[in-house]
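Given next, in structure tokens, is a single chain: the form predicted alone.
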């Protein structure tokens, strides 16, 4: 059975108008487009990584999908509903935001309470859910992110990675179908980044949540099912990680690098090595090199 199309963007452009405080339609934009003629479709259950250098448009894309911004041109449909029409009301927007959650770069900007469990409960409380349902959602969300033992702690005393997991729990308590991670690992140390990306994998593969991961870490993007590369407000590459990262020279032209293993194998091939695998992960790279030396696994 074909999976449902969750996101359908058609010829979407967006211009930040420095003369207006709101991010609505402007007949006379004063800035160059942050996004230009972007068309994108995402299906239920996909795990999509979005890459690009600073200013490429990837965060603008995330904010458009989450309805923080309104496109200057084009149409955005979420779950089959056109969210860019005039008859899409504020009540409709709140309903849609229950289905599309977003985790930002700095967890401090997303934490609102002085106790972890109260912070996670904030979203469900605003839905006016029964108290028992709120408790159940908070308990489940904290368990999923591995923060149950910190339920009564103060968020500001947690590490960066722990804060980010609490922020994710707050989103999960809303029971979204889609979660957008907008550079959510950028402020974390390597251990914290790995824990959050492991959690993304779990949410996607075990819970079936559609993941859009905006990142500039190539190794993180390699774990997705699909990689989109943006440049100057356009989507310039879109495919499976192996397909996208094999274009090492093209990525360099875009100011990006392939994952370290892929980059190493690319250089070895240029020196005449016969290596079959592209080495998206460290283990795959090591195994590919051992295979070329006749030392790999049988």
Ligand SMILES: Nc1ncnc2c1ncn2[C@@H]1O[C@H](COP(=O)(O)OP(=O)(O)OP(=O)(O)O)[C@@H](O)[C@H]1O
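Residue numbers count along the first chain shown, from 1. As the structure is a prediction and not an experimental result, all values here were calculated from the model.
Beyond the structure shown, there is the form predicted together with this ligand, which is absent from this document and is the topic of what follows.
TODO: Note which of 34, 67, 38, 254 lies within 4.5 Å of this ligand in the model of the complex, where distance is taken over heavy atoms; exactly one does.
DONE: Filtering the options by heavy-atom distance leaves 34.
Task: Contact residue in the model of the complex, chosen from 43, 234, 53, 242 - any heavy atom within 4.5 Å of this ligand - done: Checked against the cut-off, the match is 53.
Task: Residue contact check: residue 57 to this ligand in the model of the complex, 4.5 Å heavy atom - done: Output for residue 57 is yes: heavy atoms within 4.5 Å of this ligand.
Open item on the list: Although the partner isn't part of this model, could you tell me whether residue 183 comes within 4.5 Å of this ligand in the model of the complex, counting any heavy atom of the residue?
Closed with: Because a heavy atom of residue 183 falls inside 4.5 Å of this ligand in the model of the complex, the answer is yes.
Open item on the list: Does any part of residue 216 reach within 4.5 Å of this ligand in the model of the complex? Heavy atoms only, please.
Closed with: Yes, residue 216 is a contact residue.
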